[in-house]
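Just so you know, structure 1 and structure 2 below are the same protein chain in two forms, each on its own as structure tokens.
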Structure 1
């Protein structure tokens, strides 16, 4: 399913000495900093190199062009994020749906929030056309994990796993992003997060009633 990067976006060379590994990390970090402080429009190769404390040429030893740098940055992040989602899904296999939803919210929210500046910086970099494929791949991978998780729930009744996944995934990911973009106060953020969880619970409970005839949410 993974499309793999277009040739023009592949890394040019892989660091082998530890010195260069440090360099590449510095370049990534510098990219985030510039993105954060100056925005996508000011993300120039020179500025990144400068902030990373290396020369422009060095950058071009590891990335064939500027786009590839942004691509790699997003790839790194999305890969880690997908990994965390998969871990959560593995851990929650067989749990009740409500707990799964709660755990998913927790994982996603934490991932976006713990280094909020990074998240913000990356949101600014996703305009690049070719990153679309990257996002699609991430979505596919995450959906596979969550759908499988949901399918393993004891209280799935006769629900359709892909549909349930579509709903919960869209609501959770969408809401978290929206919350993020609003720049909420800590208090509001906590409140919203709780309410989002409550909302998923309520939805699952009503569906349960529908499907089993039992009132499930009162067992909290």
Structure 2
């Protein structure tokens, strides 16, 4: 069972009306801007409120402290990322495994790099937070989508979709995370992106050979 966030990290309320959603959007964008300019240590609800053009009282209607604010910001980011993965998986249902892997890499890499500075800031912002629940929720959604996608591949045959998914997801997500932690140059990042695709394709090719060989051996 996935445990929820600690009480201190919970938002006070969720915006329902369009005006409230606009206000929270402004608060989240202001939080990103403060994180980028000053870092997590200097981030305060007062600074964010000033940047967003709202009162501190309005801030507190939604977020009791800066930790809850940062937690909610990361929750929104991971929710959007999971949604993009789910959309890609739905679109790629029934395609060959190699095309699925390429599409998954492209989706994840693009999502992480289109605002690379924001991704780096969010990675740093949760270092001192207990974000296990967020990561578990993201992994559950992403794994359900990618496993179902791989299982639908015409060249999947009777191979183990969950194990294949676990391997590819670990390689893809882990490689992208490592690229950000290393602070790679654009040139090195592009090279890594190509090599990541090559590694996944080589893995699929080897597994296909082993599977074909096992079938041949069992029927001989």
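The term rigid core refers to the maximal set of C-alpha atoms that superpose within 1.5 Å between the two forms. Positions refer to the first chain, counted from 1. Note that the structure is a prediction, hence the values are computed from the model and not measured.
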- Query: Which of the two structures shown, 1 or 2, corresponds to the form predicted alone?
  - Reply: 2
- Query: Fitting the rigid core first, would the Cα of residue 170 be found 2 Å or more away between the two structures?
  - Reply: no
- Message: Quick check: residue 26 between the two structures - does its CA shift reach 2 Å or more after fitting the rigid core?
- Response: yes
- Once the two forms are fit on the core, has residue 189 moved its CA by at least 2 Å between the two structures? no
- Task: Give me the C-alpha shift of residue 40 between the two structures, core superposed, in Å.
- Result: 2.7
